[in-house]
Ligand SMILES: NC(=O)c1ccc[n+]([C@@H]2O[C@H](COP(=O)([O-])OP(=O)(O)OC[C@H]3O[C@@H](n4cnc5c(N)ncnc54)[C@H](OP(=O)(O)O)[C@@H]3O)[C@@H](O)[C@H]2O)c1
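First, one chain by itself: the form predicted alone, in structure tokens.
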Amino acid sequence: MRVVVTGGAGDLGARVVRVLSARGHEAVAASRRSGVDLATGAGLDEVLTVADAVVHAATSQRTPQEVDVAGARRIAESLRRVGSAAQVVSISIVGCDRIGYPYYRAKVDSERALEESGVPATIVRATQFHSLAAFFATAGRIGPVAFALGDMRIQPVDIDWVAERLADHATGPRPDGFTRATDLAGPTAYTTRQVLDLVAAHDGRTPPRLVRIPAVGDALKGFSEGRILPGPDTELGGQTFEQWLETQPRPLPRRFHSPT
């Protein structure tokens, strides 16, 4: 199969490309580096003309309405324009419809754009990746003190495992229309205290004193109240946060890279 991966030069997208290639498929990394710009639609028709499937892994923390949402719409429009029956598999976030945060709202809008497009599409929602959980622990620490949002808990997931599941959907049976796949999450949920302790042990540092910040506003309350946690029917898999930490440099870098 020929599978086009938007955001194919990013962290998640590049992993999807590698998985597909290892399985013997023709994986095409579509990004601005290869002349495909979702924000404008440039290069889309050319790359999608002979595609059997599309994995929409491109995203932007700064301009999600242009890349995530308008990008999904442009992919669907391009597929119709070139007469392709390719299915679209799009990554989203567990709980995005329960959090009043702009980036999460954009994910909901992206899902809706594909639902309204009429092209065969599968939405795969996943929890936050391990790197984001680690970022919370490192960015919120100032010397011996760490700041945390209310009673927030997180159930991070292995990005490599998510890439495998996206590849599974892209090369699997094409849905008749729009569908939501089973949500994906890591095996274990952690409190902020647990994440802080695990990262401190990894870095060889003393665990910080935790200072909780009140959750003010709907978005922060959503995170604090556990609206990002998966439901009972979620598929669990991949490495645990502890296993992921064992593969990371010491100390962990105090920065977060967007997965795409």
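Residue numbers run from 1 along the displayed sequence. It should be emphasised that the depicted structure is a prediction, and the values quoted were computed from it without experimental measurement.
Only in words, not in the display: the form predicted in complex with the named molecule, which the text now covers.
The stretch among 186 to 194, 122 to 130, 80 to 88, 172 to 180 whose residues place heavy atoms within 4.5 Å of the named molecule in the model of the complex is 122 to 130.
Y103 is the sole member of Y103, W161, F135, F147 with a non-hydrogen atom within 4.5 Å of the named molecule in the model of the complex. Interface residue among A27, V69, V36, L48, judged by heavy atoms within 4.5 Å of the named molecule in the model of the complex: V36. At the 4.5 Å threshold, heavy atoms of K221 stay clear of the named molecule in the model of the complex, well away from it. Taking the partner from elsewhere, L20 is found to have every heavy atom lying beyond 4.5 Å of the named molecule in the model of the complex. In the model of the complex, at least one heavy atom of A57 sits within 4.5 Å of a heavy atom of the named molecule. Taking the partner from the other structure, the named molecule in the model of the complex has a heavy atom within 4.5 Å of a heavy atom of G10. Along 91 to 116, residues I91, S92, I93, Y103, K107 each place a heavy atom within 4.5 Å of the named molecule in the model of the complex.
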